[in-house]
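Just one chain is shown here, as structure tokens, and it is the form predicted alone.
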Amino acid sequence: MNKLLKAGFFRLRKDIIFWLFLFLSVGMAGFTLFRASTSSTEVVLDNLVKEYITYIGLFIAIFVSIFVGKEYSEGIVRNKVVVGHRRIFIYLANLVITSTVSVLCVFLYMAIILAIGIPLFGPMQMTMGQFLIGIGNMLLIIIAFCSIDHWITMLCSEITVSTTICTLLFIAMFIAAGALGVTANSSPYVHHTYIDENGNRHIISQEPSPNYPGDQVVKTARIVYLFLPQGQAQELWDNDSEYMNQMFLYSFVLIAVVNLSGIYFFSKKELK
């Protein structure tokens, strides 16, 4: 396992897709700060810090599918098996490498946002507890994205096909999360509220919502929504989301199921 990890991280130094991922993360941080500095509305640093997680899944899909896909196109996977490396370690080593790179890119983005954003826009509004929970969920979301894309790429020998599938899958999850989020967060009541002079919202009255889809539909949508990494990424925008403490469990289950099944199918795969 150690030899596989060392060889994989050594490959990164000369891998153009890795450097593009890093430079893209720096560029996205710069673009986000520039857009915020020219905005006419009040800027909340919390939103800037978490913004990258909503679309990094697309970059992870491209990075994982190309980086791991090259191992098939160049015959590296077959050579690893021939020299005696166990397939489970080959699978896990690539997952660790791609997850580490993806986490590095997110932290690089966040570091730039905080270093430049705090002097420009002031400190974050979330508490330290909310920040730590958000970071924990963010790490698991990234690993979940990597696990799904890695599963596809390790079981598909064609780099073009795996890249296409991973990219389209992210787009599908993005659309599905948007649709499911509306249903999952549906309220059975319509609240009539007012905002006082201190900005606090107060409920005056409530009445049944005519558009409420029903408890069972909402419950089912919520489960599917929270199993999607993109759904969890959307919830990170809300510091007070009721799902923040639940998302850890959904991520762990998704990561475990995807990788255990990936290891099983890869162990049965015929390598050419």
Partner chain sequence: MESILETNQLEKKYGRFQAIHDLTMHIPKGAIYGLIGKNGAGKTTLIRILCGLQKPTAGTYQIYGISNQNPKMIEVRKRIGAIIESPSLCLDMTAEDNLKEQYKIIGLPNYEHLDEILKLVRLEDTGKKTAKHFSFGMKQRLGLAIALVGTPDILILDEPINGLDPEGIIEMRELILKLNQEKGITFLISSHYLDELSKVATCYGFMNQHRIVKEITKEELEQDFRKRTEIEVSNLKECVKYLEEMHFSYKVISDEKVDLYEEVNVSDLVLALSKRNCKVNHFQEKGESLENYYLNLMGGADNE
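Here the structure is a predicted model, which means the values were calculated and not measured. Residue numbers count along the first chain shown, from 1.
The same protein has a further form, the form predicted in complex with the partner chain, not shown here; the description that follows concerns it.
Listed residue (136, 178, 75, 123) with a non-hydrogen atom within 4.5 angstroms of the partner chain in the predicted bound form:
Selected residue: 75.
Just one of 172, 88, 82, 161 has a heavy atom within 4.5 Å of the partner chain in the predicted bound form. Which one?
Contact residue from the list: 82.
Region of this chain that lies against the partner chain in the predicted bound form, out of 161 to 169, 127 to 135, 67 to 75, 141 to 149 [heavy atom, 4.5 Å]
Going by heavy atoms within 4.5 Å, the stretch is 67 to 75.
Would you classify residue 252 as touching the partner chain in the predicted bound form, given a 4.5 Å non-hydrogen atom cut-off?
Outside the cut-off, so no.
Residue contact check: residue 10 to the partner chain in the predicted bound form, 4.5 Å heavy atom:
Flag for residue 10 set to yes.
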